[in-house]
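Quick setup: one chain, the form predicted alone, written in structure tokens, and binding and motion questions come after.
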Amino acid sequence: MTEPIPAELARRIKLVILDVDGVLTDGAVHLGQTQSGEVVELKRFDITDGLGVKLLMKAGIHVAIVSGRESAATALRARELGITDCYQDASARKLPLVETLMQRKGATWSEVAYLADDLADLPVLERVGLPAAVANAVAEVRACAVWTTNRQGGHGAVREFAEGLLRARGEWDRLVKEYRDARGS
């Protein structure tokens, strides 16, 4: 079992940044082609991660996506979740994207959490206040992280991270109650 996220660290977080392939997904990319030659790309997203994202937003935490791969499926999922900051760079140069995002949101490095899995994430992960890794992240990312999920990317790791962060802030129970009450009779 992973140790809880330290409360003093969690309370500083204003911005959560999520990688996509290997974090919001299991890293698989399904490619196909229609009869007319149109390329089709599919990715599998865990539905529980979506609720985790929504609860982070409900707590007033800005959630953004930064991916090192351009994908229509990623943009579609971001829109579905209401994530307005979705950055995709095929060169996987994530640091400049994050710096621009932080300037726009008025966030400092200590106020940013980043959930990651692979080597392209290290330049950002090494700077943020709350570097986190999914369970199946590469060794270098796990070594840099102060918190690691028990779940693998694409299998509820984002939800686990969201719950861990919100519990550490003392907001989880309130948010769950509000969510339940909004769906009650």
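From 1 onward, residues are counted along the sequence shown. All values reported here derive from a predicted model rather than from experimental measurement.
This next part talks about the form predicted together with another copy of the chain, which is not shown.
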query = in the predicted complex, does each residue in the set 51, 77 and 92 place a non-hydrogen atom within 4.5 angstroms of another copy of the chain?
reply = yes
message = Please tell me whether any heavy atom belonging to residue 14 falls inside 4.5 Å of a heavy atom of another copy of the chain, as the geometry stands in the predicted complex.
response = no
query = Applying a 4.5 Å heavy atom distance criterion, does residue 150 contact another copy of the chain in the predicted complex?
reply = no
key: another copy of the chain contact in the predicted complex: residue 167, any heavy atom under 4.5 Å   = yes
message = Since only the chain is shown here, I'm wondering whether residue 138 would be in contact with another copy of the chain in the predicted complex (any heavy atom pair within 4.5 Å).
response = yes
key: Partner contacts for 146-181, taking another copy of the chain in the predicted complex and a 4.5 Å heavy atom cut-off   = 159, 167, 172, 176, 179, 180
